[in-house]
Structure formats: C-alpha cells, structure tokens
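This document opens with one chain alone, in structure tokens, the form predicted on its own.
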C-alpha cells in the first residue's frame, strides 16, 4: 500500500492546473476525517472537497423534532431517542431544554427495554437517520414490539438526496465520495445511477485518511480519462450487492414516502415510513401527528452548508453566537455536523 505522501503526489499529478474540480463527500464521518487529518490543506488549490448532507441530525425535519418535543410533554408518554437529537434547536426549543419526559438511548433495543419496564406509559422511539440506522429499527420490528412501543420515523434515503444535488447546477459537482456506512447496507451498485445517468464518477471509501485519498485518486483518474463509473476502495466492508438481509427487513417494514429535509425542503420519495400493515406501532397514526411548517433560523445558513453551497466559516453566527455549547442551528450539534467539525478544527 502506498504511503500518504505518495498518494498526495498522485493526486497533484491528476489535477490539471487550468481546471477547478469539485468533489462532494456526502458522509459526516468522512468530513470528520478530512477536517481532522488536514487533507484539504495539502490538496491542489483548484481541487475543492465540499461536505454534503450526510449528517442525519442536521437534516431531520423541524416538524418531526417539534412533534417529538410535544410528545415528551404528554404525561402518558416517554420519548426515547439518540443523544444528539436531544439538543437540536427548533423555534420551539429542543427536546432536552423544552421536553419533559424523555430518555437517551444508544440502541433501538433499549427502547424495547424501556417499554417493558413502563407498561403504563406509551413509549415513542424517535428513530432517525439514513439506511445505516434504519436497519436496526427494522430489526426490532422483526423481533416484535411491545404493545406500548411506537415508532416516530424520520428515516431518509441517501441516493435520492444525492440525485437532487446533481440536478442543482449551482452546486456543479464533478464527483462523489459515497458514504461508507450507508454503502455497507445498500451496496456499491446502488450508486451506478450517477455515472450511468449523469456521467458523474462516484467511489465508495472508508474512513481512514489513506482510504479517502485512494477514493479521490479513483475519481480524479476517471475525470482525467473522461470516464464515469461506480468505484469501491472499501471492498473489505462494502459488497457490490450490499447487505441483502438488512435490505429485506427494511423493505418489509418500511415504505418510501415524500418527506421534508431540514434546510432543503420537501423531497418526493426520499424518506421511509412504516408500512400500513404496521400502523399499530406508527406514532404518527397513534397520536394523530400533523406536519408543522419549517421556519428558518435567523442568520443560520445550515441549509446552504448541507447542500454544499457554503462552508461553515461563511456563516455570520459561526464561532460567535453559535458553538457546540450554544448551537443555533442543527449543523453545530452533532459530531458529524459540518459546523461542529469546523468549529473544532478551524483556526478562523
């Protein structure tokens, strides 16, 4: 295997001096590696690596979060969700600051345990994320839920939102680094739509700096040769067909739905909701939850950051009013949020 220094030299040799190239890393964990390893500082000046909408906390709709806050204030309900979701700000506050009855969990299995220990309460699992976290939620449905456990689904589909980005000519993406964790579920073949339909190279990469550099080399080599294909430099984890078992249980319990992405808006067929036959455990049905119109946070540009149209440092709130301790927008909350990562790594 080549050293990092050798990989960097190859990257420099592949980037033509007269052309600007823009590659999007969709995954928040990739952005974490890129920022903390200082990759951007050693790349050619005309090679731009932009973060995308790969932070599940950042794109969770404000409507779902406000509904979760309201549920936690219902005396008959215990809301359970992942730690980052507790701090995400909305115009109605956050679950942690403005909710009453809630618990942090690290695994869907804990939701089952809490429901069994509190049979007199309705336990609502506010389940968020991309295909990676949808699979464990589907797994507990496969096991069978207690009668008092309900799912508030805010799951989203990564390939769909990436297609939306491709169609936005103001972003002008030349290539994608596909998310490694999601790819382990959906498979490397799931990304073939980008080279085949749009002529854009895409490569699945892992989370070590060297593996990401190898992914960049694969994309740049394709661009140099006028090619576009779906590559995979993370073959030790990601198979072409993905995880068939995980895909099967996701498709068994969830159906594709039109949903809202925070900072992006309404995106048809980009999310997952429980199938009608499992409505008995659907929190939206059980509690008659209604969509709530999203409102932008004054001064916050999380929407543009998620779309790859701006860097966190371009926001007037960044490192002034907005910090990990006092987040004004969702991108500052999670360790996978671009603003949080840039706050911890930038010297600006």
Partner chain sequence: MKKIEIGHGGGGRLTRDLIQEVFLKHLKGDHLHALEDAATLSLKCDQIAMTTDSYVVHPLFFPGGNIGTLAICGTVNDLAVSGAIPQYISLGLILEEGLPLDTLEQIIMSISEAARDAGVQIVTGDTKVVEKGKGDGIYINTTGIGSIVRRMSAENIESGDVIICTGTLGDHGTAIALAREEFPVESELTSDCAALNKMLEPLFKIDGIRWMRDPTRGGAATVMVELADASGLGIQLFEDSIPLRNDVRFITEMLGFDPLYLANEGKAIIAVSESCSVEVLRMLHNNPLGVNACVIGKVTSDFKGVRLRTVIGGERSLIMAEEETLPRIC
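None of these values were measured; they are calculated from a predicted model. Positions refer to the first chain, counted from 1.
Another form, the form predicted together with the partner chain, is not on view; read the next lines as being about it.
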So which stretch, 281-289, 305-313, 50-58, 28-36, is the one near the partner chain in the model of the complex (non-hydrogen atoms, 4.5 Å)? 28-36
Check each of 84, 218, 174, 210 and return the one that places a heavy atom within 4.5 angstroms of the partner chain in the model of the complex. 210
May I ask whether 4, 41 and 344 all come within 4.5 angstroms of the partner chain in the model of the complex, judged by heavy atoms? yes
Though only this chain appears here, would residue 46 touch the partner chain in the model of the complex if you measure heavy atom gaps against 4.5 Å? no
Answer with yes or no whether residue 19 is in contact with the partner chain in the model of the complex, where contact means some heavy atom within 4.5 Å. no
Contact between residue 321 and the partner chain in the model of the complex at 4.5 Å, heavy atoms? no
